[in-house]
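The chain that follows stands alone, in the form predicted alone, written as structure tokens.
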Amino acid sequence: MPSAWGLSAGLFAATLLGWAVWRVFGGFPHAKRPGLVLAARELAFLAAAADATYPEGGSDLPSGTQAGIPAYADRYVAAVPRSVGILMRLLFFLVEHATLVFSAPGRGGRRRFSSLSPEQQGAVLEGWRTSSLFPRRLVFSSLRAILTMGFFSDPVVLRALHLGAKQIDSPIVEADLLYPAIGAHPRTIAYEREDLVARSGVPLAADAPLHPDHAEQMQ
């Protein structure tokens, strides 16, 4: 017969395990779109971190989630080698749950990062940024790099900053007669010398049309 102490310890361990499983996997909002590789819980963390870094309001720029940072990070993780992707996902997991150790100020500061209030999330990230521990600052820099790349990949952000890519009609030059498209055979070169177009030498105007990928979509 197990002792009362053994039953209590087993009950405590089961409760602790259940709580840990719920903290890691439970209660996350459903993603509007399923990720390529990231789970809903990871997209929820990225959305919280994105809006804590690039909050809505206060400027003409979109917020982090409006700029599509979670989807960008999802595509990024899918594109990098598997080992790098694992490290990135561990980074997300670490910041999401490190509030158990480095808690946010205020009530409920040990909840997972994505469950904190915007003010608490900002304070947590500031704690990582200004920590006296180099590994914490390194983690913050890595996360910020991912968020920043995602933010500045958004066409809306680039248009607002007047950095949207312009539409460039590239002239046919000598090099086009020498090199085929990447991976293609030289016989596929379609241009002849009479196709050469003289370059105008006129710089691209500041109000030149944007590249279709950066142009505002008309409804």
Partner chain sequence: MSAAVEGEVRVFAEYERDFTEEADVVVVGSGPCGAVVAHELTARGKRVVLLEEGPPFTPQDFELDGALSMTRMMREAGLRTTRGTIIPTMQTIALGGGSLVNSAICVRPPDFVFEGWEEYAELEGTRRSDLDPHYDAVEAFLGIALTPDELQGQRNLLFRDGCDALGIESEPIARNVRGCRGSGECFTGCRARAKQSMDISYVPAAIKAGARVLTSVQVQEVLSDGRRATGVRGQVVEPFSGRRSHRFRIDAKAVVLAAGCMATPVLLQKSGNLANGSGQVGRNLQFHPGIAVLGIFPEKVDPGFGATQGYQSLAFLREGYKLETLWAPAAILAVRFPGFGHDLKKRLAQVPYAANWDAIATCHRSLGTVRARRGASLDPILTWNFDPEDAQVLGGALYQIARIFFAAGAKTILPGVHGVPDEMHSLEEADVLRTRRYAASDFVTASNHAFCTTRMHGDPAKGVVDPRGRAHEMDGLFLVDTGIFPRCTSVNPMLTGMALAHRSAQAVADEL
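Since the model is a prediction, treat every value here as computed from it, not as a measurement. We call the rigid core whatever largest set of C-alpha positions still superposes within 1.5 Å between the two forms. Numbering follows the first chain given and starts at 1.
Below: the form predicted together with its partner chain, not depicted.
Within this chain, T53 lines the site of its partner chain in the predicted complex, having a heavy atom no more than 4.5 Å away. The closest non-hydrogen atom of V101 lies beyond 4.5 Å of its partner chain in the predicted complex. Not displayed here, its partner chain is kept clear of A47 by more than 4.5 Å at the level of heavy atoms in the predicted complex.
Contact annotation for V173: at least one heavy atom lies within 4.5 Å of its partner chain in the predicted complex. Applying a 4.5 Å heavy atom cutoff to its partner chain in the predicted complex picks out E174, A175, D176, L178, Y179, P180, A181, I182, G183, A184, H185, P186 from 174 to 197, in order along the sequence. Core-aligned CA deviation for L158 between the shown form and the other one: less than 2 Å.
Once you line up the core between the shown form and the other one, the Cα of A190 ends up 2 Å or more from where it was.
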